[in-house]
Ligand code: UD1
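Only one chain is given next, in structure tokens, and it is the form predicted alone.
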């Protein structure tokens, strides 16, 4: 087993390059099996969830060729009926995208109910509503979702609540249905637009992604394509928070600044300087930070996936801040780990009241989920002394090369064996000279 060990208290300085968007990658990789022609996906993040999904695509009969670290070629011409009941595929939320993809391609799919981070319920009722509106019959037995239809027919679908997963899933199925489909109240996140653009590059006819209404005209088949995934706004936002928490000065490259508007606005509000460039943002924190209140909302609101990282930063800001989570009801459980590091946080329901402290302390902590793990890394980089973080597999599900990127910014961080005390001693010896 591995853990991170971090010596904090050193401002991050320099530049970091952001990789491809994890949430785009999951939808795009699954959508690539909808054509019988080769598909090349570029700017793919080299992270745990992507590797699990690529293995799943191999298991259903597709040929997956890793061209380089961030590029794959997928040929799904031999994929037949899909029955995916593998333990490993249950571990990621993106598994349910195979339902929409294979309904579109083969009119049949059996897929294990998805897993992922335990941050709250992730019902698939809106997915089912959409599939049934298109003419599919859906049943759930023994932890599997079974979907089957003779044909898919376009329909007018109103989502009762905004759902990223349902929007992508329905989009994939509908792009190969007969006639026209309208999806109202869809999610508008950048990765919704990215998946729609990818499908359109394969010959789909999708208009309105990123707006209140998506209009889809079904096509008979999709063709091969080469496509590059957009930069990851959450990875970018995480490094923005890390720069601010450590009092650093970091240029974050390969981003779409528009996707970061709400994150930048909140940082500016508490006293951080954010400079925008065509494909980069620079974050400078050279004064005491102020408190603020934030509430998570679907895009373009403040992202739930940035809430834990911002809470870690607010733990070091003057005054009392209030963080309210509206998307996942269990997303504040990480606060007890921050409190182990000296943060002053009181949770009432889905709201955390954070009273800023002058500094955080090192501790042995455990990452309860992906984004909470990122928040603990930020806290550790700002804290005095040596912090260890367990269950780092959560963090590596969504962040590529985090140790290397932090070290390139002047941070002191390594991945070590949990049971090897000599690893810790060697790290501390090296760190004492930095």
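Positions refer to the first chain, counted from 1. Computed from a predicted model, the values in this text were never measured in an experiment.
If you look for the form predicted together with the ligand, you will not find it shown, but the lines that follow are about it.
> Does at least one non-hydrogen atom of residue 161 fall within 4.5 angstroms of the ligand in the predicted complex?
Residue 161: contacts the ligand in the predicted complex.
> Though only this chain appears here, would residue 365 touch the ligand in the predicted complex if you measure heavy atom gaps against 4.5 Å?
No.
> Can residue 148 be called a contact residue for the ligand in the predicted complex at 4.5 Å between heavy atoms?
Residue 148 lies outside the contact set for the ligand.
> Answer yes if any heavy atom of residue 143 is within 4.5 Å of a heavy atom of the ligand in the predicted complex; otherwise answer no.
Contact with the ligand, no.
> Could you tell me which one of 350, 254, 304, 228 places a heavy atom within 4.5 Å of the ligand in the predicted complex?
Selected residue: 304.
> Answer with one of 26, 402, 39, 44: the residue that has a non-hydrogen atom within 4.5 Å of the ligand in the predicted complex.
The residue in contact is 26.
> Tell me, please, which stretch of 95 to 103, 149 to 157, 134 to 142, 242 to 250 lies within 4.5 angstroms of the ligand in the predicted complex when heavy atoms are compared?
Every other range fails; the passing one is 95 to 103.
> Can you tell me which bits of 124 to 149 touch the ligand in the predicted complex, meaning any heavy atom within 4.5 Å?
Contacts from 124 to 149: 124, 125, 126, 127.
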